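Here's a solo chain for you in structure tokens, the form predicted alone.
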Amino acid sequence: MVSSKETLKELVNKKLKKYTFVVASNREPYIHTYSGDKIICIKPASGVTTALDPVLRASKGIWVAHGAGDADKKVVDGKNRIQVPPDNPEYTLRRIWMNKAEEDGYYYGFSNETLWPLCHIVYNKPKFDETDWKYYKLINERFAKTVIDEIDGKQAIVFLQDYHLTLAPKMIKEANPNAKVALFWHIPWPNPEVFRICPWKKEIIEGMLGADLLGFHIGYHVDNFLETVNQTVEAQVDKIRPSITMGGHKTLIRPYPISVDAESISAEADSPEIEEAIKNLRHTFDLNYEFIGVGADRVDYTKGIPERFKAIDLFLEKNPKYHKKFVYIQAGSLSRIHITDYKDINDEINDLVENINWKYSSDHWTPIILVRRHFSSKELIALFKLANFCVVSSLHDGMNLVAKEYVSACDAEKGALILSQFTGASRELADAIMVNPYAPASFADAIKLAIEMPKEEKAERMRRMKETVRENNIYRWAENIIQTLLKI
């Protein structure tokens, strides 16, 4: 049986009644912001929110997160709580606050200038700053104390999210040994030689091993973590039944490939609203070309955006017959722009697009359309359905949900996925056209193959990928993690 929102709720109702269920993440599932003089509530796009919002609703649980909306403080009670969702309140959102220095040090500094480049092996040097580390410890302690306050000594399942909260598992477990604590790591875990340069590697690993369960996307990241622990701290490492025992406490280490709500995306892709959105996109961006490629990425140096533009340049150079018949639209918003490495990648992308379009443009045709703004989920689905192929060329990625979203939304008769072999998604989507983004010549050939592949082969490949994503969906991810925790 395919997992669904309903089967996940059924599991929660049957198995979690005696537990307080708590999720903690840097990003919140609902944001309150001003729209003119009014306060509105926004639900940001997030795969984690899609999976865990139904669990929180069914369990009447608690979500602890950083309140980042400009109206977030205006709507909470005296304990910084608010009931959500706003239209039908079913669980508690408990917000924590940070001043600018704390956010700069914890989030922009240690999380995204230290851990992010350290774990994504794309040759961007991490920054190791003592002040950032102090703020990171401070905010982890704030998260942990808030979770401890909410569970108040009761039986609880605490599900922590991502690299922002590596120190919190140990703090929570020491305060409440009866709590079942899980941490899911949403980015790659690097090999030991990379991680060993971190000055605070021991504290990070000891913090993570406070959890009862550590989840990664793929087995390769599990293996890397086990070997990193083996070389860093005194612990018993079991590679056969992946687990680590340190100080008498056992932590299970497991791969759980995250996914999307494939059936929901597929159903929306076939709706009249998406057909209307496709017409609007065609009109807005003049997408009346025979072959349309698409990419949808946050502007980040890990996503391989310059590499794909260089491949498009080479493709057009080698295949002039596609001039004026082909267009590639790159959608995505700017990210972390005041970090120097992000400014640099943005400048590089600007220069590449300008040069490639100048090189090939004629008669009002330019091969690359770069749109730096947030695309709504409807616009993205419309873009995916409109496109002949999608390019996901990450230089290193934990999973990459864009690949799975595209597979779920695209037209099975004409869609093709060009996928980096350095994504976690490449382990599941074996029928994609695999590329090494560092090899522009073969990358350019992959674009040609995506356009010229026989229709029958293209449809069969996409059918198999759609079935894979449908079966291994976001609800199965959440169910598997909860089932494992309940067995501990």
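Just count from 1 along the sequence shown to find any residue number. Note that the coordinates shown come from a computational prediction; the quantities given were computed from them, not determined experimentally.
Keep in mind the form predicted in complex with ligand GDG is missing from the figure; the text below concerns it.
By the criterion of a heavy atom within 4.5 Å, Glu405 is counted among the residues contacting ligand GDG in the predicted bound form. Taking the partner from elsewhere, Lys303 is found to have a heavy atom lying within 4.5 Å of ligand GDG in the predicted bound form. At least one heavy atom of Phe375 is located within 4.5 Å of ligand GDG in the predicted bound form. For Ala168, no non-hydrogen atom is located within 4.5 Å of ligand GDG in the predicted bound form, even though that partner is not displayed. Across the options 244 to 252, 266 to 274, 312 to 320, 392 to 400, residues that bring heavy atoms within 4.5 Å of ligand GDG in the predicted bound form belong to 392 to 400. Screening Asn88, Asn350, Gln155, Ser333 for any heavy atom within 4.5 Å of ligand GDG in the predicted bound form leaves a single hit, Ser333. This chain is displayed alone, yet in the predicted bound form one of Trp116, Phe225, Phe326, Tyr107 has a heavy atom within 4.5 Å of ligand GDG; that residue is Trp116.
Site residues Lys145, Lys180 and Leu213 are none of them in contact with ligand GDG in the predicted bound form, judged by any heavy atom within 4.5 Å. Residues from 168 to 193 that approach ligand GDG in the predicted bound form with a non-hydrogen atom closer than or equal to 4.5 Å are His186, Ile187, in the order they occur in the chain.
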